[in-house]
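This document opens with one chain alone, in structure tokens, the form predicted alone.
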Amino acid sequence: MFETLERLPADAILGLIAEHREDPRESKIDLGVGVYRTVKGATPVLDVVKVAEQRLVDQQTSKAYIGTAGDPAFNAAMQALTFADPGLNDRLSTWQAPGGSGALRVAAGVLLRARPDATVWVSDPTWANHVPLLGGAGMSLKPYPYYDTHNHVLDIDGMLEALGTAASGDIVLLHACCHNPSGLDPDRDEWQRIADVIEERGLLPFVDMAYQGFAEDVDADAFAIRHFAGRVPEMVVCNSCSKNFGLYRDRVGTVSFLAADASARDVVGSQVSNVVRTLYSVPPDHGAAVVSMILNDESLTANWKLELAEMRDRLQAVRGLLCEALKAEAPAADFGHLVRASGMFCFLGISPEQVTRLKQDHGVYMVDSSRINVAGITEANVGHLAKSIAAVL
């Protein structure tokens, strides 16, 4: 049986992690792996999560299965965090999922049943796992322009022109905020222009929100979703709690379906339940129970928003640190896009050959596209990082 299989190449990020781990240089810097890190290089458990987990230990009385939809209190809290408008509840259903990836896979299963011949328009570039995850599920994908690699700006005109050719019933995959990998998001006027095209062409917004709270704040980062919800009859939204709650390994997410009316919502719900049953039967409980406890307690919610703001502020601060250090070390180069971006990621804007030299000569690790996770930058290493980048320019 297995002799018919061929070895596949290792995942680029996982391979980079291994290389960095084995590098003996004390000055090495990891800008590849996509997790938040403190100034000490740790990916912490949030204090508010520890409080909620202790309450769970003290209060939880069973580990019995939860239903295919997951924890109703968690789903309701996440739906409110995302959409904010209780007037949409008759058209909305939200389902707990194993992380943002699980949410995307459930959404793909339902969309394939609803419109198997629809094209999914995906930003160029997009998160590395979007294409294999959705394409592997059987969806037909087509890129639309998004990032101008020469000028390091959003190519909004190219994006709108491409989406203007999409067929009615096609699907548009969008990043709600902190676009991965570019870090550049549409402003509010541009989101409204995108909504105009989606509404005019009869397209379905399929929004992935993995970084709510990492750009401006929890409410501002959901602007696009809430704007679309007021204009379109149907949409799909996938959420992840990996970053903003620090629950990476607990795999916590949701998928929400906005339908035209309550009757259509219930039909969609029956399909979602069936897809979930055939994929993983029921979602894991622990992480979602933690998030539910936080979002359903005013004091814990307030503390979570404070910790989230600390993470957000650190990411923006280190962007500024690197930009200023590069002005000093490489004054002829323009790295202003580093501070125009938001969230954990952006493109440095150097060639694959220069990326290789950074790794080999200076112990600075990033993927070939020069996408960096700015959480790997600290006051202690930014000088070495800037000198290293200048050396390979």
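Residue positions are given as counts along the sequence shown, with the first one as 1. If you're wondering where the values come from, they're calculated on a predicted model, not measured in any experiment. Only the largest set of C-alpha atoms that superpose within 1.5 Å between the two forms is called the rigid core.
We do not show the form predicted together with (2S)-2-hydroxybutanedioic acid (LMR), though everything after this point is about it.
**Student:** Quick one: of Thr94, Ser123, Asn180, Gln212, which gets a non-hydrogen atom within 4.5 angstroms of (2S)-2-hydroxybutanedioic acid (LMR) in the predicted bound form?
**Tutor:** Going through each option in turn, the one that passes is Asn180.
**Student:** May I ask you to choose, among Val355, Val33, Ala325, Val51, the residue with a heavy atom within 4.5 Å of (2S)-2-hydroxybutanedioic acid (LMR) in the predicted bound form?
**Tutor:** It is Val33.
**Student:** At 4.5 Å between heavy atoms, only one of the stretches 358-366, 331-339, 61-69, 33-41 reaches (2S)-2-hydroxybutanedioic acid (LMR) in the predicted bound form; which one is it?
**Tutor:** Of the stretches listed, the one contacting the partner is 33-41.
**Student:** Against (2S)-2-hydroxybutanedioic acid (LMR) in the predicted bound form, would Trp191 count as a contact residue? Criterion: heavy atoms within 4.5 Å.
**Tutor:** Looking in the predicted bound form, residue contacts with (2S)-2-hydroxybutanedioic acid (LMR) do not include Trp191, since no heavy atom lies within 4.5 Å.
**Student:** Flag Ile13 as yes or no: does it have a non-hydrogen atom within 4.5 angstroms of any non-hydrogen atom of (2S)-2-hydroxybutanedioic acid (LMR) in the predicted bound form?
**Tutor:** Because a heavy atom of Ile13 falls inside 4.5 Å of (2S)-2-hydroxybutanedioic acid (LMR) in the predicted bound form, the answer is yes.
**Student:** State yes or no: in the predicted bound form, is some non-hydrogen atom of His175 no more than 4.5 angstroms from a non-hydrogen atom of (2S)-2-hydroxybutanedioic acid (LMR)?
**Tutor:** Close contact is absent here: in the predicted bound form, His175 is far from (2S)-2-hydroxybutanedioic acid (LMR), nothing within 4.5 Å, heavy atoms only.
**Student:** Though only this chain appears here, would Trp127 touch (2S)-2-hydroxybutanedioic acid (LMR) in the predicted bound form if you measure heavy atom gaps against 4.5 Å?
**Tutor:** Within the cut-off, so yes.
**Student:** In the predicted bound form, which residues of 356-378 put a heavy atom within 4.5 Å of (2S)-2-hydroxybutanedioic acid (LMR)?
**Tutor:** Heavy-atom contacts within 4.5 Å come from Arg371 alone.
**Student:** With a threshold of 2 Å on the C-alpha, tell me if Gly383 counts as moved between the shown form and the other one once the core is superposed.
**Tutor:** No; that C-alpha moves by less than 2 Å between the shown form and the other one.
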